[in-house]
Each structure stands twice: as structure tokens, then as C-alpha cells.
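Coming up are structure 1 and structure 2: the same protein chain in two forms, each one given alone as C-alpha cells.
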Structure 1
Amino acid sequence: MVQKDIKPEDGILVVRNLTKRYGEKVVLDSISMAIEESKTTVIIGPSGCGKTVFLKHLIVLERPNEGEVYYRGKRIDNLSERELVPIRRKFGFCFQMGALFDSLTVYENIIFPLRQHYKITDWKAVDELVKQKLALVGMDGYQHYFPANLSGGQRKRIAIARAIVLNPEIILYDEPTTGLDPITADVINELILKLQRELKVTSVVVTHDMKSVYKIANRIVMLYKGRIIADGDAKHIQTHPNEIVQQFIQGKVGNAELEALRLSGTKFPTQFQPEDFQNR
């Protein structure tokens, strides 16, 4: 089901006819979608289909060429950076590579949003808050580490702790489980579920990880070449008639790609052969 006539009040976040072009390349092609409050919406799709760009539009880190973005019925894509400040405070954004500030310690990274928006007088309460948020992602005790001394998975968990420090209404996750070991990935999935169940947080998750998708999603939206090709719950997606959707969710290579591989035979015509080259 692809929604067409969407009103700004239809969800906590609404995009209408969102189009984004980089030069000649159309990355998002007239996307319309309403994101429901207190639900987890997962955006799936092959690499380069515009998932991250779409996510960035929701918090106006990117501005659309055409179309509108609404937060609680109010248009936000045309606001100035200053006008966006109170709106962005309601969001938490977890970047793909963590985007931790590498000159700050884990502790300083986590208190960053707090320190920028509030006057801190009770540092003991802040210490306790940081401890609590780090414990949520299983990273308590790492307060004085620098991001450079952490693994990719640890950085991602710290990024989530930082994203939730101001108790946001909406959390946007850009591939939160990519590159993590299966257990840590499941910890992240549980955390997303916990935040949604207990704090009624609205989550928008961009991911490739189908195991994670089935676990956390209330609604799954598939993007392909900048357009929505499937939208619904897990059952709807699993039984979707579109071949591209089925290939993607089952992780199967397409017939065209298979045929191309078969045609090339066992030896690639351009394959490197050491005997064709002289040693230095």
C-alpha cells in the first residue's frame, strides 16, 4: 500500500512529495509518507536507494528540492536553522558511523546536548544520568575513554546513549546494527524495543538487517530507486508480490545478475594473471 493523499496531521512526522536531486541524479522521487507516533517504522532498501538521505530530511539536515516535511502538522523544511533548534531538541539522531566527537571523551560526548541546552549546576545528577544511559547500552565504566579507543560496535552504542540523553520524542537510527556482532546487534534491537514500549518513543530505523527488521518493526517501508515500492507490516512485506521486494527480504541474487555471472565463465577475461607480468 503506497499512500498518496497524506495530510500534515496524519502522523507525528509527515513528508509530502519529497524530491531530492544531487545535480542530475534523483535520489528521492516524490515520496509521501506519514510516520505514526509511538511506533517503529523501518525503512529498508538496497544500498544507494536514498534511505539515509530520506532520514536526514526528517530532521532537516538536508533540504528537499521539492515537497514538504511536517512535524506535528507544522511545516519544518522551510524553517531557518535558528527556528529549527526547539524542534531538533525533540529528536535523537543515531548516525551510521556513530559520529562521536573524537576530541571529547565518552562522558563529554553524552553530556554534549545537555550542556548546550541547559545550565548544569548539579554535576552529581549529570554523572548519574550518564551512568544510567551508558548502563542502558551496556557501556557503563567507559566514561573516560576516547572514541578512538573504542570498537565500531561500542561507538554505535555510545552514539545511541548520546541520542537518548535528552529523552527525545523521536529517534532516527541510521543502520544501528550494521557491522555489529549478532549479540550486540540484538542488544540494540532490544533497546529500540524497550524505548518504544516504556517511553513511547517514535523510532524511524534505516537498516539492511532483516532479522532486526522483523524484530523491531511495526511498519516496514521499502525504498527502491528513490521511490516507495512497498509499505506495510511484516506480513504484508513477506507476502508482497513485487519480485524486487522478495529478492531483498530473502537476500537472493536476481536472475539478471546470476545470468551475468554465468556468462563470464570460470575465468574473467580481465582477471589478473601473474605470468602476464614481469617481476620488478
Structure 2
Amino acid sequence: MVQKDIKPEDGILVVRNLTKRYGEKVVLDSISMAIEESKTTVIIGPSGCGKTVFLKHLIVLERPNEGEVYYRGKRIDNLSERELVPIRRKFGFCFQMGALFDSLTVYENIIFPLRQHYKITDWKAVDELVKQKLALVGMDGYQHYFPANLSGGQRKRIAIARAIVLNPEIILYDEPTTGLDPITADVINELILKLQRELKVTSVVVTHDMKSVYKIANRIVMLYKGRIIADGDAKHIQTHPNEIVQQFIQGKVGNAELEALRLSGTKFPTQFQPEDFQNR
């Protein structure tokens, strides 16, 4: 897919010719993209195509081998960790499994970013802030629970509350509905929509969940082998002529994979039993 020349000021986040290699393996191959402010951009693609690596580059948790990353027109991938601190305050990051600290209460998890960046002097104001953020995700009253006492969906909601505690302009979500039942996953989808609507945040979401994609996305970008192969709204993606895009969004195995699975000679004449491996 031919990518137009993108300028640093074309979006709140911009990547230009972004390339990432691990040894000989090219994970991101000269990607250029401008992410529009106050919209939800969803990144899809098969496992190993570079989605999460791309997400980490937006907040400079990873640095490119080549190319640049811009936030509001300012290049950030070449900044020092110290210089990145005020930039990262503008971001909230929801990790795939929530990444809550098991030894901390919900309250302590949520204020963790606050304590990292600020010296807290007004604890009454902090209490109110935590209550407000928990109320936004429908979890007020859970301040003194530990993550182990919460369901998977509740932990995801707490992780979102922590991600918004610093009032970020941008929220990055890595597989926010993974491991959740369909109803709980839809609660997370509704939360993503609510935060965009009420807080006017810019959202970038990595997911495999096509039902979620169609519900939350203003724009869908598909990566394949480190490159962008499709980019547009839901209608554009659903009618895209690329066979790889259609196989992915429909969840259909390709002919090559089917042939490999159907190969004859995979049943061995000798069948082992569990007792064959027991100590004698």
C-alpha cells in the first residue's frame, strides 16, 4: 500500500518511515501514519505483525532503528528519558493483562502514576480524584479491594481508571478485551467510547476482536508483515479487495494453512498411552 508523504503536524501523533528490527527480523517496515486528535484509531492484524511494538513506539517505550515519532509536531523518539517525562504524562497506557500491582489496593494502584510524577500534599483531593476516576468506569466503592479479589473485567476497568488518573490527551490500549466474555468485553467497548465522548481523548487500540473494532473505531489500520495493507473506516475495510484483509476480518483460515492441516500421513501407527511414560 502506497503511503502519502506525512508531515509532523498532520496529527496529534505522527510516525514517519518507522522501522524496527530485532537482529535480522524486521518487525515494522517503514511505516508512516498520522493519528487524528479526539478520534479512535484501531490497529488490527495477525499475531506477530508488529501491532504492540508499534503502540510502544508511540510512547517511546521502544525506539526505532529508523524513522521518527512526533507528538503535536515535536519529535520525541530522540529525547532522553528525562525529557520524555512531561510528554508521557499526556499518555495513558492500558497494558494487555491490566498490569495491576497485586500487592497494592485498587486505590494504591490508581494513585501510582500520581506518586511517580508529583509530591502529594492534599490527600483529601486525591481521595476525591480516585473516587471520580472509579465512578467513570463504574467501580467506585472498590478502593480497598486487592486485584486478586476482582474479576478479569473489573481489573481491566481499574486499569483504565489508572490510565486516566493524570487526565491524558491520548490513551493507548493493548488488547483491552482479551480474555473477557462477550458481555464483559462490550462493557470495555462502551467505556472506550465513553472516555472518547466525555474526555475528548485520542484513543489508539490494538485488538483482534472484530466486533469491538466495528463498534469503537473511527479508523481501522491493518498491519501485515510490518507494513500497512489497509487503512480506512469500517465500510472500507469490510469491502477491501485484499484477500489477506478479508481472511483476517472474517476469521477464515487460508488455503495454504488448510492444505498443511489436511496433509496425509500425520497419524502414526504407534499410539502411546500415558502409562507408557510412568516411572517403573
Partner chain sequence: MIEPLGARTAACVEGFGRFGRFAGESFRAMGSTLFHPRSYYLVFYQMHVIGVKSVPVVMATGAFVGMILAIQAYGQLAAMGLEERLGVLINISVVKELGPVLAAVMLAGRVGGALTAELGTMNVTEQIAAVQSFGVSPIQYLVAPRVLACLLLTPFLIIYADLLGILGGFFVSVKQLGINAGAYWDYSARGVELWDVSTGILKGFFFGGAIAVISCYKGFNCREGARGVGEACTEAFVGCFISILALNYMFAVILSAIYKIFWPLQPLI
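Heads up, when I say rigid core I mean the largest set of C-alphas that superpose within 1.5 Å between the two forms. Treat the numbers as computed from the prediction; the structure is a model and nothing was measured. All residue numbers here refer to structure 1's sequence, counted from 1.
Engineer: Compare the two displayed forms of this chain and pick out the form predicted together with its partner chain.
Structural biologist: Comparing the pair, one sees that structure 1 is the form predicted together with its partner chain and the remaining one is not.
Engineer: Superpose on the rigid core, then tell me if the C-alpha of residue 201 is displaced by 2 angstroms or more between structures 1 and 2.
Structural biologist: No, the C-alpha position differs by under 2 Å between structures 1 and 2.
Engineer: Has the Cα of residue 189 moved 2 Å or more between structures 1 and 2, judged after a core fit?
Structural biologist: No, the C-alpha position differs by under 2 Å between structures 1 and 2.
Engineer: When the rigid core is used for the superposition, does residue 150 move between structures 1 and 2 (threshold: C-alpha shift of 2 Å or more)?
Structural biologist: Indeed, residue 150 is displaced by 2 Å or more.
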